[in-house]
Every structure is written in structure tokens, then in C-alpha cells.
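Just one chain is shown here, as C-alpha cells, and it is the form predicted on its own.
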């Protein structure tokens, strides 16, 4: 008999709106003693069946919906959803041989992220439900055309909240060299799938790299939190007059040198430093740039961290705006899901006011199409960006 999870009175409303998360406070009872990751039937307080979900007793998100109907979750369903997600990304092949192949709840596979880098797919499983289907998921991804290796990078901190230990290593096939090379908009980038950030590369900035290449011609460009310099390469290839990259990691800047060499462009000035400190030093030296790309790491993982993060975002943008030459452009980002576009715009407006600069929004930026956001699940939207021009 399938275990059942019964909701408290009135707490079925979010499920009826097809929101996939059920928090612990919404649960009235659990019957059948399900293990972590097991599928449970979800029903309202009146006994109405609402669908099925993956159970996670260690998490504040007690269950994540697999289905909002009577569909039985089995290996065939998992494989079908992986294949459907891949088909939805097929059109990106003309742009790049790398993309986000599976994006968790947005592809009806909660807790599953799969990034494709040519013939290698890197998988992150972050929930008990995803862990339960680990082997069928690996089989389904390995069965996709052109995939020779499935590599696991389930080492994100969020697994601890699910009561899961970290896992890394080859799931299917053979990796060979841990550093791969992908092609995006005609440019080549090295990807370290075993040791790089997240799954090895920031695929969610694909559209921004293209935009930087368009905007960079004959401009002095500053790339802050530059990691392995993909944005700097795009700027140099786009005809930038000069490029400067700041990152606190020496190995990341070594990657920036490799990426510049791969594309036969000048990697420019590479500065190993704390971004806050270096931006202040540049301000004090009265340096100016025509195009600045500001993409800090996640500063607010939860709403409880938002106040502190807001101050950090304001400080960064204040410094960046002061470094903009007249008529210069700032592309500024937040990858903190708790930071809405409205709040982010207010923070940046406060920074411009303190900088005593007149700044205009010329565009708003979001995550690309392989990171879709279901209308019923706005939490899938985490990447927020503004294109600003300063006079």
C-alpha cells in the first residue's frame, strides 16, 4: 500500500494551484512509515487525492510533488521526463553544445539538475526524492543521443538539509580528461566538471556573454567576480579596447588565461583580489571603465539573509557606478532567489543616489530559456539582472 500524506485543513490550496512544495507545517499526518525519497500519496484533510510526492522527513520542505494526478511514478516516467526535457532544449544546439538539460521542478523532476557539456552530462541530485531515483536517472541520461559519460556533482550544501551526504564521481561511462571544452556563440571555453564551481561552468550567463560581446567594441571593460573569464573572452572577442578581470581565486584566473588562449584573444589584466577591496582601490585611483559586468556569488540563500545581502549588493553597485565613465554601461546581477527584481532595482537605485550619478535602466536580464520558470513555481527564477547607463 502506498504511504499517504494528509494536509491540514486549507493547506491544499497551493497544491491545487500546482505549486510543488509541501512544507512541514502543512502536514497533518503521515501514514505507512515512508522512507526518505519514497513516493507518498498526497490528500487533503477531507481525503481528496491531490497527487503524489517525494517524501523527505529531514527537510523543512517535507514533500515535493511528482504529479498532480493519478500518474504512477516509476522508471518509465522518470526516463520519459528526462527525454522530454532534452527535446525541449534541442533548439539550443545551434548556439552551443552545452546547456542545462534538466532544471528540477521546471522539468517535473524535483531536485534534479543536469548540465550537458558536449558528450558529458553533469548531474546534481539535491533532494531525497532525486536520490531515490538516482540509478534510473543515470540510465535515462546515459541513453540520450551523444552522451558518453554521466558525472555526478551532488556536493551542494543543500543536500545536508535533506539528510544526504555528498556524492561525486562517474555514474555512467568514462570521463577521461576532467577538463572539457565547449563551444558557445563560436567561442571556446574550458570546463572543469570535477572541480569547477557548481557543475563546472555558468551556463545561466549564456545570453549575457552574447550581450557583452555586442556591447564591448572599442570599450574599456571590467569583469568583476570573473571566475574563469568567459565574460572577458566574450568582450575581447567583441573588440574591447581593454579588459580587466577581478577574482579572488588564483586557479580561476589560471582558467581565464586558458580560455583567452583557446580563443586567440588578449586576456587583459587579471587581478587576484577581494572584489570589494579592489573596487575601492580602483575608486581611489580614479579608474574608469566604459562597460562593467558585476556578477557576485549568491549573497542571500534565504530570506533571513536578505538584509545583510542587500547592504552588500548596494556597496558593490555603488562602487561599480562610481567607476563608470560618462555614458558607460553596467550589467549588474543578483543570483539570490530571495532578491526579487523589484527589490534589486530599489537597491541599485539607492546605490546610484549615493554615488550622485544619473543612471537609466536600458534593459532587464533573466536566466536563459534552458532555465525556465513555471508560472505556478516562481521560485525557479533566481537570476536577476539590470542593464544600466550612467551619464
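Because the structure is predicted, anything quoted here is derived from the model rather than measured. Residue numbers count along the first chain shown, from 1.
Another form, the form predicted in complex with a small molecule, is not on view; read the next lines as being about it.
Student: Going by heavy atoms within 4.5 Å, which of 153-161, 116-124, 292-300, 130-138 lines up against the small molecule in the model of the complex?
Tutor: Heavy atoms within 4.5 Å of the small molecule in the model of the complex occur in 292-300.
Student: Please state whether every one of the three residues 202, 205 and 276 places a non-hydrogen atom within 4.5 angstroms of the small molecule in the model of the complex.
Tutor: Checked in the model of the complex: all three residues contact the small molecule.
Student: Within 4.5 Å of the small molecule in the model of the complex, heavy atoms considered, which of 181, 168, 263, 249?
Tutor: Answer to the contact question: 249.
Student: Only one of 226, 111, 255, 238 gets a heavy atom within 4.5 Å of the small molecule in the model of the complex. Which one?
Tutor: For this set of options, the contacting one is 226.
Student: Does residue 317 reach the small molecule in the model of the complex if we count a contact as any heavy atom within 4.5 Å?
Tutor: No, residue 317 sits far enough from the small molecule in the model of the complex that none of its heavy atoms falls within 4.5 Å.
Student: Can you work out whether residue 101 and the small molecule are in contact in the model of the complex, taking contact to mean some heavy atom pair no more than 4.5 Å apart?
Tutor: Residue 101: no, not in contact with the small molecule in the model of the complex.
Student: In the model of the complex, does residue 231 come within 4.5 Å of the small molecule, counting heavy atoms only?
Tutor: Output for residue 231 is yes: heavy atoms within 4.5 Å of the small molecule.
Student: Answer for residue 197 alone: is it within 4.5 Å of the small molecule in the model of the complex, judged on heavy atom distances?
Tutor: Output for residue 197 is yes: heavy atoms within 4.5 Å of the small molecule.
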